[in-house]
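To begin, one chain is listed below as structure tokens, in the form predicted on its own.
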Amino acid sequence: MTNSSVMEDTLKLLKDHKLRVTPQRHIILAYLASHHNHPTVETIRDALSKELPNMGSSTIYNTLNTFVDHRLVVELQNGDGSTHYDYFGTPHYHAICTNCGKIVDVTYPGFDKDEKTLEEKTAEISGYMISGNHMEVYGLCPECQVKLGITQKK
């Protein structure tokens, strides 16, 4: 995705969700859509400080909370006590390292093309009216496996 298409797509997304378009909202959402680093508020503030030098942490928190409320972004906890954020433009889940806290997006061919979605299957089984889902799996990342001298059993 090019920078101009990210800016156009995120502008449209804000409008589609009937959110007031402010420079802060637009640039934060564009940052999340174009970076897959699962940033914290501090990471976002540092990355955007040149473009919006007067934007404080509270503005970023409030903006992210609005995005979470509108299901544009998900909050992730990686075990280090900090909250990370992820733009949820395409269906995926997260693998989180229990040693270093690294978070990676996981998807595979056909992930979002199953006969029935996880939500549909869950609604059938539980009777719930499902509004969304968020899945995380935990384990040791390849780097920590090497660092700890652990090999996977095949």
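Residue indices: 1-based, along the sequence shown. Remember, predicted model here, so these are calculated numbers, not experimental data.
What follows is about the form predicted together with a further copy of the same chain, which we do not show.
For the options Ala33, Ile103, Leu64, Ile44, the one in contact with a further copy of the same chain in the predicted bound form, meaning a heavy atom within 4.5 Å, is Ile103. Partner contact region in the predicted bound form: 122-130, out of 122-130, 46-54, 83-91, 33-41, criterion any non-hydrogen atom within 4.5 Å of a further copy of the same chain. Contact check for Leu118: a non-hydrogen atom falls within 4.5 Å of a further copy of the same chain in the predicted bound form. Heavy atoms of Ser58 never reach within 4.5 Å of a further copy of the same chain in the predicted bound form, leaving it off the interface.
When a further copy of the same chain is considered in the predicted bound form, Ile27 lies well away from it, no heavy atom lying within 4.5 Å. Residue contact with a further copy of the same chain in the predicted bound form: Val146 places no heavy atom within 4.5 Å of it.
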